[in-house]
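The chain that follows stands alone, in the form predicted on its own, written as structure tokens.
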């Protein structure tokens, strides 16, 4: 079945509230206990990536992620020429003219203390040196997205504290522009003006002002379109207008482009590797001509082994079909997506990431509004752990109006995010997979290993792995990443009692004695 038909079907299906359990119900069913992530300290903790890529002369925008009691005062040591830091907001803006690596240190101070973090800007030809983090509108708003939706999402990202952990992209998915043949007054207009410029629909009356609003908060904005004549939901695509659309997106100030295969397959005539690459090669070349950087997401569902060539054209690529359409079996669908994505570890690296789709946690969408996920609490911790170990983009696509304490507990654990954002950029590898157990191991820049022990069975289970099996020896210190506490030295075998569909995520720190 064609991808565009499947996604359109998802838009049209109304999901009844009775199909979803409440968070309280799923917690009770699983017998789960308290939240795992401890509350952040009142003292400053500077979070986020430790490395950042940008092209020479491109606009630089970065909001230093930091938890701690407000107000905070920020400063930077060795900030490159051309950049300026607002000490109250922690927002850095400007441009760096010359290529090179620029090492600096960020500091944040409040009444409880001082926090710091080393940071490196690589000015060259690579972007997204760590996986992108942010929010996408699709699985909560579908084609009902509006300018107000994105403005509000930016506000919620600030108010919830997600920005303090490194979330920064506010991305519109399908439905922002004009839909040919539409009957409603909001989306039925000419798709382009007399000069061929793509037009937003009436739900986006001031798209440039919206992007400026997002940028003013130190956040970044993303946009969506298809290389075909129409998007998955039938809105105008870029077919034959790639250069104009790249200029349009850059002129509006966007920082991210999701390029979704959709109707392109209905109009291309061959079935060769060139056929699958061509639309992405064309748009990639046009983006390179723009005076600002746009992270390029190749959304073509893993066709033609995109992981083998996607890094030549963009910064991340979908490796599977839509996660929201993945059928549950004895395990929720996200596991099956992860199992396929995890096999592609050889192809991930800084600036080039396997993308297994979005984080569908908390409250997600339906035609009549959002509903709580059917996933248990343990399954949601497992979901986030898998994505962090796989160096996946952390793009939440749930309801920003219903960021309850549990959802934020999963999304906003600084140590879990550090695993995902590790600057070495090596995706975790499968150490063991059976019907009952799954073990992923990720090498980290400081010489430690992040290890996820996953219980795939329907009952509590002891899962273990020998240090030798994950490339370690001695007696490394075991750090419980979710609970953010040390568990002592490991004597040779990592072992944990894990609830059904749960996880033990640890960091093994080498013994230096």
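Positions refer to the first chain, counted from 1. Keep in mind that what you see is a predicted model, and the values were worked out from it rather than measured.
What comes next is about the form predicted together with ligand GLA, which does not appear here.
> Only one of 163, 232, 400, 150 has a non-hydrogen atom within 4.5 angstroms of ligand GLA in the predicted complex; which is it?
Replying inline: Flagged contact: 232.
>> Exactly one residue in 224, 264, 396, 353 has a non-hydrogen atom within 4.5 Å of ligand GLA in the predicted complex; which is it?
In response: Only one listed residue qualifies here, and that residue is 224.
> Do residue 309 and ligand GLA come within 4.5 Å of each other in the predicted complex, heavy atoms counted?
Replying inline: Contact with ligand GLA, no.
>> in the predicted complex, does residue 179 come within 4.5 Å of ligand GLA, counting heavy atoms only?
In response: Although ligand GLA is absent here, residue 179 would stay clear of it in the predicted complex, with no heavy atoms inside 4.5 Å.
> Any of the heavy atoms of residue 211 lying within 4.5 Å of ligand GLA in the predicted complex?
Replying inline: Residue 211 lies outside the contact set for ligand GLA.
>> Using a 4.5 angstroms cut-off on non-hydrogen atoms, would residue 107 count as touching ligand GLA in the predicted complex?
In response: No, residue 107 is distant from the partner.
> Residues in which of 423 to 431, 170 to 178, 85 to 93, 279 to 287 have heavy atoms within 4.5 Å of ligand GLA in the predicted complex?
Replying inline: Result for this chain: 170 to 178.
> in the predicted complex, which residues of 106 to 140 put a heavy atom within 4.5 Å of ligand GLA?
Replying inline: Counting only heavy atoms within 4.5 Å of ligand GLA in the predicted complex, the single contacting residue of 106 to 140 is 138.
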